[in-house]
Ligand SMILES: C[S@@+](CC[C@H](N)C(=O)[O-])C[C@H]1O[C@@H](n2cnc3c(N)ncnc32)[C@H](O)[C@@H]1O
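One chain comes next, on its own, written out as structure tokens in the form predicted on its own.
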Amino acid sequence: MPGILHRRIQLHYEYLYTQDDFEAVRELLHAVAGISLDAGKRELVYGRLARRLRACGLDRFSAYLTLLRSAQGKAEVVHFINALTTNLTGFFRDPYQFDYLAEKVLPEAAARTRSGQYYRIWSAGCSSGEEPYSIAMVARECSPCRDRLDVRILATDLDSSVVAKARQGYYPQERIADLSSALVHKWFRRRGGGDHSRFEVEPALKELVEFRRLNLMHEWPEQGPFDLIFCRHVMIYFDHSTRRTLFERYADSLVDGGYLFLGRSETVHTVSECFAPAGPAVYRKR
């Protein structure tokens, strides 16, 4: 029977991949990134990591896991995390939250601060940069904010490859297709022509944003305390205990009354007592 099972595995997969290997991947991903991978993601894991086995010249997942656990595998752990993290994003994703930012949060901050005072925002889980650049556009377009607040945005993500792309600030035409022509004309420069043209974010937006790779399970940035934290569509990847810990750390990183923006399917309810509802998937530090 074991021999038959082994042959079936080899017929189905290019690389030897067992249920034990899948469980070991789940455990390692949780240990290094705090991410809880669903038990139904076995095929996804194979598809994402097979490329890494090929790059490392390995023929089985057990050998890849041995590499990841070794002292020589530290650099490969970054590739491992990059391969298994999802980077779905877009400019002004969940637009009602950006309306709330423009109409409520920033004008309120501008009204109670001295001219030129720093307003610190953290985009945690920034992916390829659309979220922090959207925040920057709101900050530049909001006249009371522009006149009185010196907005600074820290943008971080676990995936080093998307952070590098975000820092460059180049996007294909389909990524900006939903933006108004006025915003595109004002905040992007066309590079190249035809089907290969790309759009570069204007320096006036880039200068507001600092990009860094950051693992939320590790040490956090020292630029705080922050006035506002975006952590949208990130908490869904963590278990209840990890979410509770993160909410407590976010509260510690925010000024009193600071805002926390979550994804539309995420909530602090039953997880943390540090925040009170304030808007659409928006919470305020108690």
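Numbering starts at 1 and runs along the sequence shown. Since we're looking at a predicted model, the values are computed, not measured.
Below: the form predicted together with the named molecule, not depicted.
Exactly one of the stretches 101-109, 164-172, 78-86, 186-194 approaches the named molecule in the model of the complex with heavy atoms within 4.5 Å, and it is 78-86. Here is the short version: of Ile135, Val209, Leu158, Cys145, the single residue with a heavy atom within 4.5 Å of the named molecule in the model of the complex is Leu158. Residue in contact with the named molecule in the model of the complex (any heavy atom within 4.5 Å), chosen from Ala139, Val201, Leu154, Leu214: Leu214. The closest non-hydrogen atom of Arg93 lies within 4.5 Å of the named molecule in the model of the complex. Put simply, Ala33 is close to the named molecule in the model of the complex: some heavy atom of it is within 4.5 Å. Phe247 falls outside the set of residues with a heavy atom inside 4.5 Å of the named molecule in the model of the complex.
Contact annotation for Val234: at least one heavy atom lies within 4.5 Å of the named molecule in the model of the complex.
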